[in-house]
Every structure is written in structure tokens, then in C-alpha cells.
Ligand code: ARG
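Given next, in C-alpha cells, is a single chain: the form predicted on its own.
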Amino acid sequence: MTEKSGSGKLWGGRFSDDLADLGLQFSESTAADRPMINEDIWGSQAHCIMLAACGIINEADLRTILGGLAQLRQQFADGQFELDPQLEDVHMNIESRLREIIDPEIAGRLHTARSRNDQVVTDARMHLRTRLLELRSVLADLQQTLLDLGAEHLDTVMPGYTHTQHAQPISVAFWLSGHVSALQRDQQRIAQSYERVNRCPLGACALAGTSFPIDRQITARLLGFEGVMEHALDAVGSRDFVAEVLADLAIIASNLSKLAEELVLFSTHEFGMIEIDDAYTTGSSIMPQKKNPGMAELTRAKTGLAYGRLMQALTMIKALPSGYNRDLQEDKPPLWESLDSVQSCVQIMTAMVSTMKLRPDRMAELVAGNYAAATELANFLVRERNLPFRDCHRIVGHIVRTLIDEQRLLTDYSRVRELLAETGQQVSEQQLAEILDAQAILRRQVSQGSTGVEATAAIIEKLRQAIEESRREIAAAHQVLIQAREQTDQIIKHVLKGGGLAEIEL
């Protein structure tokens, strides 16, 4: 037994006094650590099994430690274990409780060949894996909702915009599937980040590895990691995976804000193309007629949180020297907060899209009311009269300018016919009606990826396949984690029943 020091901390051997209360309040991390309690226990179980498999602790101590950890895990599940801020972090809380459940000397063997430095980053990576899979799943739900609605409106015409001005007619399906296409890149980014997150730092110890003959591959397999993060110094001192995920979240938030902005605009009286369900709108305390798109506005605003947390993380890791620095304790609050915020935004957007009403008549009215068919008239002159596009652009531009001055529209086919005739182009009113009809314009759009009915249907089918593939990837990754947890539990049961590790393939 060691002589009692002046500090009561488990790390307090070289200290003559405890941390000041103010210092403890300033530095403890239990609130940010709480989401990782299960991961910390699982990591301790796997580490303990590995120590025994490598002959570093004996199997009697293994059995005792695993029994204590099993009790602790059950206490947490039953709501009988909460983190004590006086014990600073999740690791010290679990080790202290374990020392109460079993012989303290045996409990003390658990921390052989590991450090809080590699523990905390292992816990964070384990918890983050689950959160990323959850996020991918709700993203897939939003994508599916957008596609399902779009597929019902392949030939429903609405105005497309550039510079927030009427551009060309597009379909509702084309509009909605455009958002799905952007979200699919978000899916890809998260999947790629997951691969880099899913590497096990445990066994890197404080920064330099250990002189004990550990087997890091065992712990990696038991914890469901794809492999180890090999370089010990890099493993404990890097948080680029946090910044990468926060960047993914910021981009997702940006993509959601675009959709949210369109829901806000398109639901106004001036646009009138959609109506957001009452369940996702709010009223005014003074104006009884108001129906405000509050959830869409909040989604738009919460983009700032995602951007801010990314900048917080990038600033935190800037110019840190190699190895673990206490600055890195500040990685988890922005990560968990941004994950919570972005995931809630995805879910609220799914709810809004699934319940909103479209106004096809108003969409068609807007398309007809602001010269959106002008490009197709120019294309007709190129295609049928073999004129250079620039000449056709000039001709149609002059016609539009004249119609605006006369307060007429392109649907005034008689006047358009007269103006074309002045340029030497004879086109009948019947031809103009076909050329300028918005749905006919959709049918003529034939290029790959266009708003044409067939082209958009092809896009939707490809996106459906991509969503299905995403769901398969998510399910497969979940299954790996489930199997790793089950394997660890099976080993624990075997050991607690008196079995030895030699009878198990690790």
C-alpha cells in the first residue's frame, strides 16, 4: 500500500493538497462526459479482457473487475449512477465507483497500460460513431420524404429562380430532388468521416504507448473499431476528426437553411406556392391574422450554431503542441451541441415537408406571369430557323422589353406574333401557344439532369437507389457495433461463470 498523500484524487500522489474548489468548477467535464458513460464502461471491459489475454493481470482479477463493471453498468441503466463533478470526469467517476464495488487494489489494476488521454478520445470516437449513424438515418428520412413528394409532381410546373428572379419553368419534382441531391453529398461526407472516426486510440496511453506487452487489436475488435489509430502521439493529441465532423454538420446546416429559406419565401402571400401545416407554424401576440413559419425560420437561424461550433473547434486545436493538452477537453461540448442541433433541424424539416400543401394553380400562374418561357422561345428560333443563339437572345429580349412597356405577357400570343413578324420571323399563334406552354417546355427538356419529366424521373430513381444504399450502409455499420458489444458481453458472461480466456478466440 502506498502512503496517503495530501490529495484525495486518484492522480494525487505527487500533490500536497487538493484542487481548489474554483479550479474544480472551472475544469470538471462531467456534463460533457455523461453521454459517454456506456462507452467508458465498455472500453474498460475490453481493456481488462485484453490485459488478461496478454498475461498482464491474472484471470481471478479479471473476473473480479468484470463483475464490478457489470454491476456498475446495471446501476447506470437503473438510474442509480450519476457522475459526481467532484471526481472531475467520467473516467474518475467509474474508477471510483468500481473501487467501492470491489477490492480497491484489484480495481486499481484496471488502469494498467492506459491513460485518461487515450480513454477519453476512445470514448468520444465510440459515442460519435453511434451519433453519426443516427444522423445519417434521419437524413435518409428527409431525403425520402422530399423524393416521395416530388415523385407525385413530375409535371407540376413552378418557376425556377436565379438571383431570386424568375428564370425558367421547372417542375416541383425537379425543385425537391435538387435538395435531395445536395443531401446525398452530406451522406457521403458523413460516411467518409465515419471511416476516420472508426479507429481505436486505446493503448496509445498518455502519448508514448507502453512497455507492457498489450495487444491493441484485441481491444479494437471488442469495441467494434475497423482498426487501431496506430501512432500513439497522434492518437491522443489530434482532434481533426472532431473538426471534420463539425464541418460536415455546418454544411448540412447550410443545405437545410436553403430549403428552410424557400419554405419561408414560398409560403408568403406574395409567392403563395406552398402552405406550411399549422403544427409547424406560430401566431402573433398582437396580429390575429398571422401564420408565421417559425420552425423554418429557426432552422435557418440554427445554421449559425453549427458554423460557430466549427470555428470554436478549429480555434481550440490551432497551434497546439504535440501530445494531449487540456485544451482538448473542450472538444466535446461543441460536438454534442452541434450534433443535437443539426439532427433536430433535419427532423423538423422532414415533418414540415411531409405535411405541407402545394399550390399548383398558383405556381402555374407565377410561371405564366413573368416571362419564364422566354428562353424556350429563343431556343425555338435557334432550332427551327437556324439562327445564331445570340441573335435569338437579342430578338426575344427586345420582345420582352416591349411587352413589359405595354404591360403585356408572353401569353398575349397575338402581340408576340406581331413582334416576331417585325424581325422577319413568321410564327402562328397556335405555334406560340405550344412553344410557350410551361408543361410543353418541361416535355422538351431532354438533357441529362434537366427538369424534363423523363430526366427528372431518372434522377429520382438514382437518388432512391442512393438512399437505399445509404440505409444498407447504416444498417451494416450498426450491426458491426451490435456484434462487437455482444461479443464483449459473451466473454464477460463466460468469465463470470468461471470460464477462462484460453477457451475463447479473441
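The structure presented is a predicted model; accordingly, all values stated were derived computationally and were not measured. Residue indices: 1-based, along the sequence shown.
One more form of this protein, predicted together with this ligand, exists but is not displayed; see below.
Of the candidates 93, 343, 117, 144, 117 is the one whose heavy atoms come within 4.5 Å of this ligand in the model of the complex; the others do not. Among 187, 329, 350, 312, the residue placing a heavy atom within 4.5 Å of this ligand in the model of the complex is 329. Residue 445 falls outside the set of residues with a heavy atom inside 4.5 Å of this ligand in the model of the complex. Using a 4.5 angstroms threshold between heavy atoms, residue 244 stays clear of this ligand in the model of the complex. In the model of the complex, at least one heavy atom of residue 324 sits within 4.5 Å of a heavy atom of this ligand.
Under a 4.5 angstroms non-hydrogen atom cutoff, this ligand in the model of the complex lacks residue 470 among its neighbouring residues. Heavy atoms within 4.5 Å of this ligand in the model of the complex map, among the stretches 288-296, 402-410, 84-92, 360-368, onto 84-92 alone.
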